[in-house]
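Given as structure tokens, the chain that follows is alone and in the form predicted on its own.
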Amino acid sequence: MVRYVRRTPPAGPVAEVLAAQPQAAPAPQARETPPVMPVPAGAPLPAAAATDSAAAWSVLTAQVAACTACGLSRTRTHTVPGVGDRNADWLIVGEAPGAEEDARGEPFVGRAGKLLDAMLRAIGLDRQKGVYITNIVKCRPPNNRDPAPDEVAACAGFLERQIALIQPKLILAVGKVAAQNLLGSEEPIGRLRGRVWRWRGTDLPIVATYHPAYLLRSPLEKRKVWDDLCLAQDVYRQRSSGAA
């Protein structure tokens, strides 16, 4: 267990970050739906992509776009593979794309996404630098329901490959679905947060916290999320310094 000091949120504009109520994003323009081909999540990379990071990402993105491994492929508008710095130290893993994410092909772009961006800025991070953001599943479940176990299993290979390519120093699991699936646990998010976990027996730390969408409904929980972000920041600093 990593010890950390509980901090008071910083004064000034950042003090209002976790209390901010983001405005809805403008309606996106429609895009053409990518062609769909039956490519499983665990399909091997071509030889050229095995040693070339750019090629590996290109192949992975194409495989996500063409995947028909579960029923979500029949109802999606776009796949949502992820966005951000592909050499990031921080990997943010959410649950599943929502309606706006499905329309735009990018994770966390609605009100919850704006709050996530504000949360990251509060600890000096940005979604385009030092951070990569993705989800447990890459297609939107109908009516924004939680992804089913078979849908999660169908996408597991994509997430595993992203972790292998990025080689982050820390994973921040955002929301119950992300935390439970990354940790292989059925415990509620309230019991998973506030602790440091490890990715599948490796030394890669995982910190879990509440989803921004939940915070929009339950603003009194924002204090706990600030504590989780501080914990994650402390763990990252210790890992970067070689102390963890």
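Sequential numbering from 1, following the sequence displayed. Just so it is clear, the model here is predicted, and its values are computed rather than measured.
Omitted here: the form predicted in complex with uracil. The next part is about that form.
#### Entry: Touches uracil in the predicted bound form: Gly94 (any heavy atom, 4.5 Å)
Output for Gly94 is yes: heavy atoms within 4.5 Å of uracil.
### Message
Under a 4.5 Å heavy atom criterion, is Gly98 part of the interface with uracil in the predicted bound form?
### Response
Yes, Gly98 sits close enough to uracil in the predicted bound form that at least one of its heavy atoms falls within 4.5 Å.
### Query
Any of the heavy atoms of Pro168 lying within 4.5 Å of uracil in the predicted bound form?
Because no heavy atom of Pro168 falls inside 4.5 Å of uracil in the predicted bound form, the answer is no.
#### Entry: Partner proximity in the predicted bound form: Arg193 to uracil, non-hydrogen atom cutoff 4.5 Å
Although uracil is absent here, Arg193 would stay clear of it in the predicted bound form, with no heavy atoms inside 4.5 Å.
### Query
Of 103-111, 82-90, 160-168, 118-126, which is the one stretch near uracil in the predicted bound form, taking non-hydrogen atoms within 4.5 angstroms as near?
The contacting stretch here is 103-111.
### Task
Within 4.5 Å of uracil in the predicted bound form, which residues of 127-164 have a heavy atom? Give them in sequence order, or say none.
Heavy-atom contacts to uracil in the predicted bound form: only Asn135.
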